[in-house]
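Below you will find one chain, with nothing else, as structure tokens; this is the form predicted alone, and questions on how it binds or moves follow later.
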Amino acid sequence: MADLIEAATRTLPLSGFHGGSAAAVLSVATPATRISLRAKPDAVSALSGALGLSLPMKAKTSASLNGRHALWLGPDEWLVIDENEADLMAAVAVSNVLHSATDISHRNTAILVEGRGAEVAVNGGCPQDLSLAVFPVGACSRTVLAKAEIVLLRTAEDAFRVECWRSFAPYVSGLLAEAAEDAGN
């Protein structure tokens, strides 16, 4: 039985996906570990130390360091993503403060949207104002892309990371692909 478990591999929901246009290129983000983290303000300092980056405390903000991202989703809620696939559950466990952490690595996937038309492509299904003045680099929010809930992170002036549940990945990627083609026109 142990041999079967060791042989099992995670199937990526968008394996081989790519799309878009010259104006907005779409690609699948590399596999990452993710946790949904909840904690009261008095635990933030210890959790920040355990994670190696400061958990943001203001709406629409994020913190990033060496492939690890902490996105503020609410007054006591963060999405923490590690692109190096580090064990985030072990990291927060050593904080010795009261918190709730759930590993959601297998639930989520991410699509990267990059290029001069990235903002237009994401706005093809997202009603949020994504202008740089309102949604600058590092801004993040839980929002919608048409009928799917997403978490959106602006990683550069012309780049976004779109986090979605893996079950919505074909829908989200298809919608972004169509909007990216329109952005190129």
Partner chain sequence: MLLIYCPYCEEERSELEFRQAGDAHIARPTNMTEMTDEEFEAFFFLRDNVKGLTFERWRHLNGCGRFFNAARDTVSDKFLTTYKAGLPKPDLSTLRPATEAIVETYEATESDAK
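Positions refer to the first chain, counted from 1. What you see is a predicted model; the values in this text were computed from it and never measured.
There is another form of this protein, the form predicted together with its partner chain, and it is not shown here; the text below is about that form.
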{"item": "Answer option from 27, 155, 64, 141, heavy atom within 4.5 Å of its partner chain in the model of the complex", "value": "141"}
{"item": "Its partner chain: the contacting residue among 112, 86, 97, 73 in the model of the complex [heavy atom, 4.5 Å]", "value": "73"}
{"item": "Heavy atom of residue 128 within 4.5 Å of its partner chain in the model of the complex", "value": "yes"}
{"item": "Residue 149: touches its partner chain in the model of the complex, heavy atom cutoff 4.5 angstroms", "value": "yes"}
{"item": "Heavy atom of residue 38 within 4.5 Å of its partner chain in the model of the complex", "value": "yes"}
{"item": "Residue 77, heavy atom within 4.5 angstroms of its partner chain in the model of the complex", "value": "yes"}
{"item": "Partner-proximal stretch of 113 to 121, 43 to 51, 141 to 149, 27 to 35 relative to its partner chain in the model of the complex, 4.5 angstroms, heavy atom", "value": "141 to 149"}
{"item": "Contacts with its partner chain in the model of the complex - residues in 87 to 105 whose heavy atoms fall within 4.5 Å", "value": "none"}
